[in-house]
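Only one chain is included here, represented as structure tokens and corresponding to the form predicted alone.
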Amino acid sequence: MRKEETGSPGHVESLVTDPKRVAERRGQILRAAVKLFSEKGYYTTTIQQIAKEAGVSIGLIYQYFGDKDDILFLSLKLVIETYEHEIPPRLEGIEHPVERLCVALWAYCTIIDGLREATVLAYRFTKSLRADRRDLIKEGEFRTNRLLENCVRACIDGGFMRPVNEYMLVYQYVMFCHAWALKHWAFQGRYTPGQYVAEGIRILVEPFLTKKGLAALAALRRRTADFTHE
């Protein structure tokens, strides 16, 4: 997580000063909190229940968090920052715009596959944060969206995709990726993650490609099994 300045909306006070220890303990507590918030809801989950689930004392939790709002905020912040930090490395070395867009969607969906509970939590309880912290979560989402916008813009600039409303199309991509968590109960018996992404590319990328873009997508499908229906 980014180090936030003391007094800023994103700062969560800790009585422990060792950064490594803080990261480890907070991770342990946040994993327990996400599980309980998802199962029981934010408002009915108590600090005592989180402590029991995490296998720590209530007092220890208060060494790393001021209150339950701090725990919820860092849970949601971790989700957003995971998207933001893990998608770019998966695009390293990929130059072709169509391939970058497809791989970005693949990366986003597979990251969400590992954060399904936390992704659903973000939809349900971001509104429970105080306003300044909600704004930080929104800003993080915008940064992730810009990664996808850049991929779409490169496809358009390269003549691989016809001009579109980039902002709206990117939100269709975001909703598609999030739906793997939000509607996992409906999709899990029908598709593997790879099949789900392949269908999404067929529905949300392919119709917007030019002849040149379609040729590039066909070449990509011949080279990788990730974006086929197999």
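For every residue, the number given is its place in the sequence shown, counted from 1. In this text the structure is predicted, and so the values were computed from the model without any measurement. If you superpose the two forms and keep the largest set of C-alpha atoms that fall within 1.5 Å, you have the rigid core.
In what follows, reference is made to the form predicted in complex with a further copy of the same chain, a form of this protein that is not presented.
query = Can you pick the stretch from 151 to 159, 83 to 91, 99 to 107, 138 to 146 whose heavy atoms fall within 4.5 Å of a further copy of the same chain in the predicted complex?
reply = Selected stretch: 138 to 146.
task = Flag Y62 as yes or no: does it have a non-hydrogen atom within 4.5 angstroms of any non-hydrogen atom of a further copy of the same chain in the predicted complex?
result = Taking the distances in the predicted complex, the answer for Y62 is no, it never comes within 4.5 Å of a further copy of the same chain.
query = Taking heavy atoms only, is K52 within 4.5 angstroms of a further copy of the same chain in the predicted complex?
reply = K52: no, not in contact with a further copy of the same chain in the predicted complex.
Non-hydrogen atom contact A179 with a further copy of the same chain in the predicted complex at 4.5 angstroms = Output for A179 is yes: heavy atoms within 4.5 Å of a further copy of the same chain.
ask   = Using 4.5 Å between non-hydrogen atoms, is L169 touching a further copy of the same chain in the predicted complex?
value = Flag for L169 set to yes.
task = Counting non-hydrogen atoms within 4.5 angstroms of a further copy of the same chain in the predicted complex, say which of I47, A32, V56, L204 makes the cut.
result = When a further copy of the same chain is considered in the predicted complex, the option within 4.5 Å is L204.
ask   = Listed by sequence position, which residues of 75 to 109 have a non-hydrogen atom within 4.5 angstroms of a further copy of the same chain in the predicted complex?
value = The stretch does not touch the partner at all.
message = Once the core is aligned, does E39 move its Cα by at least 2 Å between the shown form and the other one?
response = Yes, E39 moves 2 Å or more.
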